[in-house]
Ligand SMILES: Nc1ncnc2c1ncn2[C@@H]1O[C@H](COP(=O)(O)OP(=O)(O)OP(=O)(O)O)[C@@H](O)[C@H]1O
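Here's a solo chain for you in structure tokens, the form predicted on its own.
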């Protein structure tokens, strides 16, 4: 199995079958316990629907934060459920697993991934950098002795890597991505309207009205306004206000700036030969965050490099993981195992 263990979504592929599962990385449990609701079925989309709507007896947990494990037990429960679900709930299955990790993770954070996957039932666990998997998943020639640049904007982290000869030459990572954009929208509404909105509502506002530049607002398929419903922080009662696409763009400006600044910093560290390759090849964007309207245009304008969005950008990493899985014996030397980590 290959697992793209993301902050927002987890995607699973199986050797010879491709992508077989795509679910939110969310778990619902009885409060004060590690007991998953509904016999273990309150994981993924079922649990995400409960966010902000649960009674006091239930906790809804997102076990990953900023691309790394924040709740070990819940991550183990999530992986156990997904392994059994993919293998039709056969408890004796003990697969080999490849798990993607951001480039900036520490040794302790890697060890947490190894331990969680092993306790969830994996026979052998390998780790691979997300940008390397994304490069394969986007169909890029990462094995050539020429530069390939990947910008992966996920839920918790933005990972940038320049690849050559199937390895990472330069990498940068920042814990600013899709979740930070959602939070920026929520904080803007709170600051300007004194209204508290939920996580799912902020994400919906970003998807429906979000853009990275004024020109991209023309792509929004509506009148460019949306009614936002939440709790009035002053009166303590439900209230609705109308916000515009221009306001959402203003709210998103800071996380977008941090991401583009990181791209500039990465390019500044690139050697002249690699820079020459990038002038011709440009960069490929992947991850759910790149679906923000006009982000690719903004990056092109600021860097002068060709910029393309990968086909199905949210599935790029897991498709690359499937390639590693199908050629596991060939790629073992560039994958990191628990023994290497000792």
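The structure displayed is predicted, hence computed values, not measured ones. Positions refer to the first chain, counted from 1.
Separately, the form predicted together with the ligand exists; it is not shown, and the next lines address it.
The closest heavy atom approach of residue 249 to the ligand in the predicted complex falls outside 4.5 Å.
Within this chain, residue 11 lines the site of the ligand in the predicted complex, having a heavy atom no more than 4.5 Å away. Taking non-hydrogen atoms only, residue 196 never approaches the ligand to within 4.5 angstroms in the predicted complex. By the criterion of a heavy atom within 4.5 Å, residue 75 is excluded from the residues contacting the ligand in the predicted complex.
None of 298, 28, 314, 283 but one reaches within 4.5 angstroms of the ligand in the predicted complex through a heavy atom, and that residue is 314. Across the options 187-195, 107-115, 147-155, 262-270, residues that bring heavy atoms within 4.5 Å of the ligand in the predicted complex belong to 147-155. Contacts between stretch 106-139 and the ligand, counted in the predicted complex as any heavy atom lying within 4.5 Å, involve 130 alone.
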